[in-house]
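Shown here is one chain on its own, the form predicted on its own, set out as structure tokens.
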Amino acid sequence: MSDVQEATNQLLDVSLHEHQKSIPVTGSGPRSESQHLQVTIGATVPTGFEQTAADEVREKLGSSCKISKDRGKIYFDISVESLAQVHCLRSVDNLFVVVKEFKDYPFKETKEEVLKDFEELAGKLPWSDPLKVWKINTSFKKKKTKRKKINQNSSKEKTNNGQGDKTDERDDKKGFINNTLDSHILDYYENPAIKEEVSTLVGDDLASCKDEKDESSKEETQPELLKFRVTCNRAGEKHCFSSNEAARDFGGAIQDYFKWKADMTNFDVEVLLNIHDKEIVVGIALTEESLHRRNITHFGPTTLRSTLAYGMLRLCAPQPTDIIVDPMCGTGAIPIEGATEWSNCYHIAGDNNPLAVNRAANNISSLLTKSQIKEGKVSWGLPIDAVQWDICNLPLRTGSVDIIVTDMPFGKRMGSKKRNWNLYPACLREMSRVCRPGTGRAALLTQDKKCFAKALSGMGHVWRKVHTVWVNIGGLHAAVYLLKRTPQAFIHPSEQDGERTPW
């Protein structure tokens, strides 16, 4: 029995035993029935990397996977025994169990009729099995950070309520407005915007305005009562209702049906109402905080999501003993993700900014400390080093690197569009020098597509474009270019002019 399977079985034993008597959601069936329960799991993933996530699900879970028409989502069937392994997927941001899917929902003509249907829908859905999964899931899901602390320190980390681009509308609104500039530092990379309307409203709007002291005193005297909220993600232009209205009426019906307590911030259950054109998926969130927040503790102005870093690395298909370099590492998200998932490769994190190198080194140290605490023993370390260098003059031997994966400056928050016209060609030239001819490959992320295309056009003899993945990062339409190093040996420009420069 593998370590993962053994850990999964232990978690199931604990969760099923602990939650069998608690939370009066559904009738408690035999343990064997719950353990072999088959459910559909939905996952949000970085836009453009849906196929990468689907491949990982098939590879690690052995489950077939369906890519949704709604970008950034995938669906797959599992047994509850595999739930712990689902939380270990590297390419998914958030998870939810599907209650019901309507592929062609019959929307009525008027808003009143549609909202009335939403109210009636709440009592007709098959809640039993998804809520069993939710109960089991509570024993090993990643806990969210306290929202109050985040509001007070929004310059350090912006609130993420489980679906990447959702924020509480009332309690957090003032804090976000006052700290717009600071919050956007993380928002730039960590909240990839999809063109959809997102609202979080639960039952009566007054529920979120109740005094916290009164609530806490009531909780001490009353038996445990589940708190919930409904979040509506709506995409499409042909709807006669807003996401606010859908979340409000659907949430009110759920409150009446389950007799749960509405709470927008300190909720136990988050019900998701995902509407994309005529498709509706009702689900229950299994993650309180996005799974991409796993490696980074020291953030920079453009901290890349760990899930996006995984997708870029996977595009390059790392092989054992490969040397993988991120020459513009920032906080080190890419090489740290690589060292965690591909520990049989050697990873180098480099940057010209000493602050960035320091952040990367601190993130590596934090990850090692976390690993040691988790395993209860001294770790041998990670196959990774952090170096300060000049991207245009790397202290690496010619043809010594197998893979280059990096997030190039967009010219928005880092660098400038004007500087990119000189930087990009110089970067590609130096990357072609250190990359192994014939087998070397590179995955490069940039939003400055025009500048990159121009720079690449002059490097056709050393770089061949294999694939382009279009991604959405903080509302910016960016691209990940997968390049293959041609067999042609690198020739320095000075050598082409007849001057021999030793390398």
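Throughout, we count residues from 1 along the sequence that is shown. What you are looking at is a predicted structure, and each value in this text was computed from that prediction instead of being measured.
Separately, the form predicted together with a small molecule exists; it is not shown, and the next lines address it.
K.L.:
Which listed residue (M408, A339, V86, V282) meets the criterion of a heavy atom within 4.5 Å of the small molecule in the predicted complex?
P.N.:
Exactly one residue meets the criterion: M408.
K.L.:
Between N353, S365, T297, S371, only one gets a heavy atom within 4.5 angstroms of the small molecule in the predicted complex; which residue is that?
P.N.:
Of the candidates N353, S365, T297, S371, N353 is the one lying within 4.5 Å of the small molecule in the predicted complex.
K.L.:
Answer yes or no: in the predicted complex, does the small molecule come within 4.5 Å of a heavy atom in every one of T138, A262 and L286?
P.N.:
Not one of the three qualifies.
K.L.:
Would you please decide whether P327 lies within 4.5 angstroms of the small molecule in the predicted complex, comparing each non-hydrogen atom pair?
P.N.:
Result yes; P327 sits at the interface with the small molecule in the predicted complex.
K.L.:
Heavy atom to heavy atom, is L304 within 4.5 Å of the small molecule in the predicted complex?
P.N.:
It does: once the small molecule is placed as it appears in the predicted complex, L304 has a heavy atom within 4.5 Å of it.
K.L.:
With the partner left out here, check for me: in the predicted complex, does some heavy atom of D390 sit within 4.5 Å of the small molecule?
P.N.:
Answer yes; at least one heavy atom of D390 falls within 4.5 Å of the small molecule in the predicted complex.
K.L.:
Decide whether T231 counts as a contact residue for the small molecule in the predicted complex under a heavy atom distance cut-off of 4.5 Å.
P.N.:
No - in the predicted complex, heavy atoms of T231 and the small molecule never come within 4.5 Å of each other.
K.L.:
Out of the stretches listed (105-113, 249-257, 90-98, 330-338), which one is close to the small molecule in the predicted complex, meaning heavy atoms within 4.5 Å?
P.N.:
Checking each option against the 4.5 Å cut-off leaves 330-338.
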